[in-house]
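Here's a solo chain for you in structure tokens, the form predicted alone.
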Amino acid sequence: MSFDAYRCPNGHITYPSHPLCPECGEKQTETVDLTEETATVITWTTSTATPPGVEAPNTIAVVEFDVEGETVRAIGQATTDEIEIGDEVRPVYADQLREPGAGIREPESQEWDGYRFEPVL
């Protein structure tokens, strides 16, 4: 499974995808896999009041990748609450980000896997 950001013909990269590049308005035509990249923690927060199926406490981080001189920001769960602004992290695959049996959606209606951010030691 890849962790895809999206690039327009002018080289701008975003995550997640947009119908048109937010910077120049061109259609995004290429994907950039971020699974082998590292990022820097921009900010983070820990929630103790989580939605059904999400373990508490749940630490969410905004991270910034530098891909070929383009900055790409992403938001996602951290693997630990032991992170700080400026820490280096990498995406790590998780086969289950939430409990599929909890919540109001049918488990078959969506994917439950994805990526979390793990500190690089």
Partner chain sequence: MDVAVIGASMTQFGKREGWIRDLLAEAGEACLSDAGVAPTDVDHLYVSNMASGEFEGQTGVPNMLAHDLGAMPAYTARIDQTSSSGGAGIYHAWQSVASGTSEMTMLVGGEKMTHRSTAESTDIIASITHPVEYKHGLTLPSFAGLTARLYLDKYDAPRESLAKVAVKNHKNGVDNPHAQFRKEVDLETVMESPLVADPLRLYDFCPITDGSAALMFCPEEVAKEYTDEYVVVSGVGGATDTHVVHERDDPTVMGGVVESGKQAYEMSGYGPEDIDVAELHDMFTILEFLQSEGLGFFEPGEGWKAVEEGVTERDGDLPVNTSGGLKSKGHPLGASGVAQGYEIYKQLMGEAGARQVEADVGLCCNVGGFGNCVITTIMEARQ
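Note that the rigid core is defined as the largest set of C-alphas that superpose within 1.5 Å between two forms. Bear in mind that the values here come from a model prediction, so they are computed numbers and not experimental data. Positions refer to the first chain, counted from 1.
Form predicted together with its partner chain: not shown, discussed below.
J.: In the predicted complex, does residue 29 come within 4.5 Å of its partner chain, counting heavy atoms only?
T.: Looking in the predicted complex, residue contacts with its partner chain do not include residue 29, since no heavy atom lies within 4.5 Å.
J.: Does any heavy atom of residue 110 come within 4.5 Å of a heavy atom of its partner chain in the predicted complex?
T.: Judged by the heavy-atom cut-off of 4.5 Å, residue 110 is in contact with its partner chain in the predicted complex.
J.: Does its partner chain come within 4.5 Å of any heavy atom of residue 67 in the predicted complex?
T.: It does not: once its partner chain is placed as it appears in the predicted complex, residue 67 has no heavy atom within 4.5 Å of it.
J.: Answer yes if any heavy atom of residue 12 is within 4.5 Å of a heavy atom of its partner chain in the predicted complex; otherwise answer no.
T.: Answer no; every heavy atom of residue 12 is more than 4.5 Å from its partner chain in the predicted complex.
J.: Heavy atom within 4.5 Å of its partner chain in the predicted complex: which residues of 76 to 104 qualify?
T.: Read in sequence order, the residues that approach its partner chain (within 4.5 Å, in the predicted complex) are 76, 77, 85, 97, 98, 103, 104.
J.: C-alpha of residue 9: shift of 2 angstroms or more between this form and the one not shown, rigid core aligned?
T.: No, shifts by less than 2 Å.
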